[in-house]
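Form predicted alone, single chain, as structure tokens, below.
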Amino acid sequence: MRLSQTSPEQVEVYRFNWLVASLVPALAIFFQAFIPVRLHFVSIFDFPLLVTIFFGVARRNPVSGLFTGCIIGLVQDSLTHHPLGVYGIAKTVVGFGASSLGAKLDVENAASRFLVTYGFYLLHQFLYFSVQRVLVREMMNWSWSHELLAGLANALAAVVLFALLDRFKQRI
């Protein structure tokens, strides 16, 4: 497991075709909104979050990661019954953090991707819960066992998803 610090000269920054950069998040949001209605077990996965982490880590630009997370979160908010901005806030922080961390660490192998995704999943859930509970004043229950297991499932899914999405990377 190699989670090593890299110098700025060693970090490879990637860009994506505009079609990929817009269709992949749109498909992730569509999948998140409509597939769990028929397949309930899929609701444990947060595909928009995984896409936010992937683009943030790949682009390694905190401003880009911030905007990616914000846009994905706001679009996801618009498809839920929650107030606009709940997912937006959580995914904005995660996008910024993933981009910042991607610039400092080697996150190109499966083990580091697993750990990064697991950590950001838990951070996202904590932020989402905090915003819902404190700012929106909506009563929610927190279950550590559920969140830890869901984090593992999302981290495993991220390793597979990131390997598929790596095919769309273009070096700058």
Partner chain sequence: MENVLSRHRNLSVLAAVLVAQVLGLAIQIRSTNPEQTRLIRIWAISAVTPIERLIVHSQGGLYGIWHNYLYLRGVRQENRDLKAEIERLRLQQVRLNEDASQARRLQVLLGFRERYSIQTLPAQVIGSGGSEQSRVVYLDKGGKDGLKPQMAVITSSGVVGKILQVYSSTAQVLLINDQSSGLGAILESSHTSGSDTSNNQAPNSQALNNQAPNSQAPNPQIPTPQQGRVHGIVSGSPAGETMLEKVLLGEDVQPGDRVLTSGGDGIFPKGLPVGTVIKVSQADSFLKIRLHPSADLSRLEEVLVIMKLEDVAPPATDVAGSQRAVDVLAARLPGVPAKTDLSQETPDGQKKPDTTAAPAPDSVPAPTGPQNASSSRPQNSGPLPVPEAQHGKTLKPEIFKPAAAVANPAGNGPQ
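Remember, it's a predicted structure, so these values are computed and weren't measured experimentally. Numbering follows the first chain given and starts at 1.
Below, we refer to the form predicted in complex with its partner chain, which is not included among the displayed structures.
The closest non-hydrogen atom of A58 lies beyond 4.5 Å of its partner chain in the model of the complex. Its partner chain is not drawn, but in the model of the complex it has no heavy atom within 4.5 Å of G119. Contact annotation: A110 falls outside 4.5 Å of its partner chain in the model of the complex, judged by heavy atom distances.
For the chain shown alone, F30 is a contact residue for its partner chain in the model of the complex, at least one non-hydrogen atom being within 4.5 angstroms.
Not one of F54, L101 and A153 places a heavy atom within 4.5 Å of its partner chain in the model of the complex. Along 49 to 67, these residues reach a heavy atom to within 4.5 Å of its partner chain in the model of the complex: P62, V63, L66, F67.
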